[in-house]
Every structure is written in C-alpha cells, then in structure tokens.
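Quick setup: one chain, the form predicted on its own, written in structure tokens, and binding and motion questions come after.
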Amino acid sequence: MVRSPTPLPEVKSHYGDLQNYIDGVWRSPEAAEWLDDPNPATGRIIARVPLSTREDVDVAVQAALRAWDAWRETPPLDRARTFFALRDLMERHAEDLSRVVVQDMGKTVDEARGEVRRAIENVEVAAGIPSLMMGYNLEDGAAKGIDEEVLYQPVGVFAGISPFNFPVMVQFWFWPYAVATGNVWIAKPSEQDPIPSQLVFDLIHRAGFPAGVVNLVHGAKDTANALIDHPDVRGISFVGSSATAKAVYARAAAAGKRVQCGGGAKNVLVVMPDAKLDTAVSNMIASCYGCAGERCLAGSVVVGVGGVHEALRKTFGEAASKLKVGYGLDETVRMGPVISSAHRDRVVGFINRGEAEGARVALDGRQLRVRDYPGYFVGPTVLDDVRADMGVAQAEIFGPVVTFFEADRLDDAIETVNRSPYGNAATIYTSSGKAARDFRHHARAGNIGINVGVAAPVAYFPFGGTKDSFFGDLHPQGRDAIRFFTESKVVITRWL
C-alpha cells in the first residue's frame, strides 16, 4: 500500500524556537545565538536552534547529578520497565518520527523508517538489562572458603554528541545502555537537524523516566566542548568526522573521562568474478546511494577483481542513472538531498577535483535539479579510472559519489582496504567460501560484509570500527556498551 506524502499531525511546517529538555521539563536556554534549520529538500527554514552556553550545560549536568543517586538505586527490572513503555510509544509514533527525520535530515521515508526501527531495537536490547548487567563469581576463587565476584555498577553522568546523518539512531546506540545500567544522560544532537530529538524526548517524557535522568541540550561546537570539559561528566560518546573524533577523544581522555568516538569512513566494496552480478549491483546501489551517501557504512569505493570490472561498471552505472531523486516523503523517491548547501558545495567540489586529477566522470550528478524542490540535491555520481594517489580516492566525500578501481587479484583488492587510514567497513561479493573467508580474515575493517553492502550490526552486536574510524576501546551497542557504561567492582569474601 502506498502511503500518502501528506504530513501527519505531528509533522509541522515550522517548529519555532527549539528548547532544551532538562530536569523533566522543556526550558528556554540562555543562548544569545541561534541557527536557522532548513528543510534540505525545500530550503525553507523550519526551526531555530539555540547554541546553548556553558551555563546551560551546567544546568543540565547538575540536574543529572541530582537524579543519579535515586536512579542508580532503582532496581534494574524497574529501569527496564520504563524502556518497555518507551518502546511501545516509539512503535505507535514510528511513522510520525520517520517523517520528521525526512523533513529535517533529507533521507527518504523508507530510510528513515529503517533508522527508527534500529533505534527501537536498541531500546529492546537495553530492556534486557537485568540479564545483561549480571556479573560473575567463583566459589573458593582465591582459596578454600574465600569467594570472589564481580559486580557491574553505574558510573555517573554521560553525554552523547551525535552527527546529522542519523538524528535518531546514533543517540540510541548509546543512551539506552547508559541509562539502563543506572547512569544519567545528556544528549547533544547535531545542530543541523535537531527536530527529531524534540519528538524523541517528548516520548521519553511520556514513558515516565524520572526528571533529570535523560536530558537534551541543543548547540554546536562550543556546547559540545562544554560537555567534554565539564568535571562532572564522566564519559563521552561521540560520532562524527575522523578529525573531530580524534580531537574529542584526546580532549576527553586527557581529562580522565571514558571515551568512545566513531569517525569517518572510506568503505570498499569488492566484487569477485564469481559474484551474482545483478543481485550484487542492486545491493551495492543501496549501499552507495542510500541516505545520499551520508552514512559511515556507505560503500564509496568499488573494486572489480579480474574480468568482472567492465561488466560491473556498466551494470552499476546503468542502475545508478535510474535512481529517482527528490523529496523523501514521496514514496517513489530513492534518494534525497544532502544536508545543506555547504555540504552540497563540498561534494560537488570533490567531483570537480576528481575530474581535474584525471578521473573520468562516468555519471555526473552535479547539475541535477528536482522540479518544485530547490533544495540541496546532488545526483548519483560515478568516477571511473581513479588512481590510488588521487584525493578523491583517499578522502571521505560523504555524498553520493562512488569511485571505481580495478584489481587483478583478491589480494590486491584487500590491499586497497588495508592501505586506507579508515577502517569502518568492507564488503566482498562472491560465491566462493574460500574468498569470503580470506577476505574476512585479512581485511582490516571493523564491520565485514559478505554479500552485504551495508554491514550494520544489529543492536545486540557492537558497532565495530578500526584505525581512524574509531577511537577508544569499547564500541557502541551490545555487550561493549554495557561494559563501557559500568565499573567492574571485585568483592572478595571470607566468612569466619
């Protein structure tokens, strides 16, 4: 059934001046500066975003600290029940939330639905905290009559700083695990598309989380730095560009905080001669151009191994040229705009640079225009005859631009993966178990796909990342998240 693109009641044409959510209430910040927030498809301003000050951040931190003692003493089963309530609310409002994501970020409504679904899945996993937070013990561990056990206990105030490309999901990689384990949370969403967070926090409020346990502070770089620097914030979860992730990691770690920082990517899709080409290309198109290429698991480098290269680039280019680009609330659209006019110019600049470096623009999206929507559109683009020394071969473009390489052997393709400073994801398309195993074993990336173009772990597995794609020790999601947000306390007992 095709859904009407007419906005639902919760999707407004304008959201006014956004507020922070602190201590269980919406409040206006002390911010003196505000940013306009446009709809990327229309270019129209749909909200104003406050740049919260250090004083605003401190108000949120103090509210969280006041809430922590009571929340950490709340039994895990009772904490879990609050997540069950949130899960039900998110299910009922999933379509509303998805459409707001389209309106503020620009992805298609199907992509937004997938994002919201992943957020809900993280809530469902966190609701299992009575089991996930269990420690372990050993009778007579040190000697006869002396028992040892490990308890996992919460740490305190954590903050999450998330990017524009997944305005709902990325915060949910972190905060459900932090809060379920007994910590308290301050979210700082991207200033480029913060409206979905308003709806999320309305649902959090209605789910019954106690005042101060989960807080929202809007802002940009200075607001993020205020959270990183605050002495009462015990840990930082971050996702953004590699340069920023590295800087955040260094700054927060130097202050003695726990830190997990996801960075950028340059993900490689390797196609073997024995791959089922039509199926592989369909999957690759979704990987490369989904969310207009603005995701850290997007395929951005395609490597054809051996004789498959010519057929691959022909089939891929034909499929990419047929993608319908437009406003994501139209159910027939398969790719939306990029986030902003500045980012559009950046992506177009990379295409220009690649052409100047000698790459062939096999499919050119620079001049794409969408009727009735004067937003920030770049069409699907393919750069062929790319060399490893070109800037477009090395930099994260973060847009709908795919670079094509040719390799003689699988080992050469794996070397393309391994010489990259990034290590978020890599995929191989093959019918060979040996090739798949060799790739899995030797490719240095945190998320490996075997005939899967978007190697996105489900919520009960950690979201991997290596090299300059991740700074830290414990990843988001799953058991890694439980360990990140808890202290290990060892208890040694002898009864006399």
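The shown structure was predicted, so the numbers you read here are calculated from the model rather than taken from an experiment. Residue positions are given as counts along the sequence shown, with the first one as 1.
The following text describes the form predicted together with a small molecule, which does not appear among the structures shown.
Next on the checklist: When the small molecule is placed as it is in the predicted complex, are 268, 300 and 453 each within 4.5 Å of it, taking any non-hydrogen atom of the residue?
Outcome noted: Not one of the three qualifies.
Item to check | 4.5 Å heavy atom contact, residue 238 to the small molecule in the predicted complex | outcome: Result yes; residue 238 sits at the interface with the small molecule in the predicted complex.
Checklist entry - Can you check whether residue 173 is within 4.5 Å of the small molecule in the predicted complex, heavy atom basis? => result Taking the distances in the predicted complex, the answer for residue 173 is yes, it comes within 4.5 Å of the small molecule.
Checklist entry - How about residue 264: is it within 4.5 Å of the small molecule in the predicted complex, going by heavy atoms? => result Within the cut-off, so yes.
Checklist entry - Does any heavy atom of residue 191 come within 4.5 Å of a heavy atom of the small molecule in the predicted complex? => result Residue-level check for residue 191: yes, a contact with the small molecule.
Checklist entry - Among 161-169, 381-389, 75-83, 137-145, which stretch sits within 4.5 Å of the small molecule in the predicted complex, heavy atoms only? => result It is 161-169 that comes within 4.5 Å of the partner.
Checklist entry - Looking at 39, 427, 469, 52, which is the one with a non-hydrogen atom within 4.5 Å of the small molecule in the predicted complex? => result Selected option: 469.
Next on the checklist: Which residue, 244, 340, 416, 283, is the contact with the small molecule in the predicted complex, using a 4.5 Å heavy atom cutoff?
Outcome noted: Filtering the options by heavy-atom distance leaves 244.
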